[in-house]
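Starting off, we have a lone chain in the form predicted on its own, written out as structure tokens.
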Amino acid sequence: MPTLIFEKQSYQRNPDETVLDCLLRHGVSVPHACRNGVCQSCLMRSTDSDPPAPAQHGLKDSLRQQRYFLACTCAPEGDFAATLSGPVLIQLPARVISVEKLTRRIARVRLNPEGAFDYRAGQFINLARGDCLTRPYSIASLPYTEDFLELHVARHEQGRMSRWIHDELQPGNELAVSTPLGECCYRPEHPEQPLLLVGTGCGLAPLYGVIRDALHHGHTGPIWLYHGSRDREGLYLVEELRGLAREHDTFNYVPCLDSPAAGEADFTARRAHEAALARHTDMKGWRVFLCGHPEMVNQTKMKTYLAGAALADIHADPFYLTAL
């Protein structure tokens, strides 16, 4: 069996087992969240050899050169040594301002990070409790018009962090937030470019930021938002978004329900990505933002590309869930 040396302690690692899975199996508490190589909360550094290339996917060149890697996707062939020392993601204390239930399943959390906190609308942060429980959440606020950090949290019955946020988190509590990550952001260089945004559940959070950022910059091209859920409890900020659509001729909002109930005729009876693709069949020249369920994100990324959107213009942000 190969040996994993972590912080000068040795652990037997099963063949093909990732560094993260090995440490968790041995009861070692390390930061982690999505377990799919997206959130970067499990970032570590190799101290004896170059990490496997897949474990460095998505990292900046400067980090790859310093042998940083993502523990959740790192399955080295033989013995391997790693450390958490010299963290790259800065952790800042953040005080909870408010926790508001938008629906029974969705909570809006507003935080006040201590010190300077520069970010772009649509990025995400890793939110951490004092016991190292860490989860990634997208930023819904705007950095230049709002003096707080806003997150949208869906309650999942098997989710330790989401249940704690919904049931126990109180104003005044202190958490930690990481350096902002991600490129799901508006770019003002092409104000005439059509924008398509498709989200499910709390995938609305980064899209809400991107839309308001575009409108703030005077975007002149059409903006289409399709937000979907299997039921009404998964849709939120409906009236706010309808209000934005009334105020701005360029913005179009389409709330979608898989199966609308009686009396819900003002919602589109279709999955959000299906409704979007049915209306927008030629995506050449469009910029696309996809956030939410991984299956929806991956399918829609492929289909918008086949419809003419350039890969460089498709921003995909799948939301992976973990109960651990």
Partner chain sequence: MTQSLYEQLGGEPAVNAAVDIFYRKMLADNRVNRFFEGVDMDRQAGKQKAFLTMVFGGPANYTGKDMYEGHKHLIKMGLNDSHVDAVIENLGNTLKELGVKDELIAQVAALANSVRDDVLGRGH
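Numbering follows the first chain given and starts at 1. The model shown is predicted, which means the values in this text are computed figures rather than measured ones.
Keep in mind that the form predicted together with the partner chain is not shown, yet the notes after this line are about it.
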Location of the partner chain contact in the predicted bound form, chosen stretch of 251 to 259, 27 to 35, 51 to 59, 273 to 281 [non-hydrogen atom, 4.5 Å]: 51 to 59
4.5 angstroms heavy atom contact with the partner chain in the predicted bound form for residue 11: no
Contact test in the predicted bound form: residue 22 vs the partner chain, heavy atoms, 4.5 Å: no
In the predicted bound form: members of 285 to 304 within 4.5 Å of the partner chain, any heavy atom: 301, 302
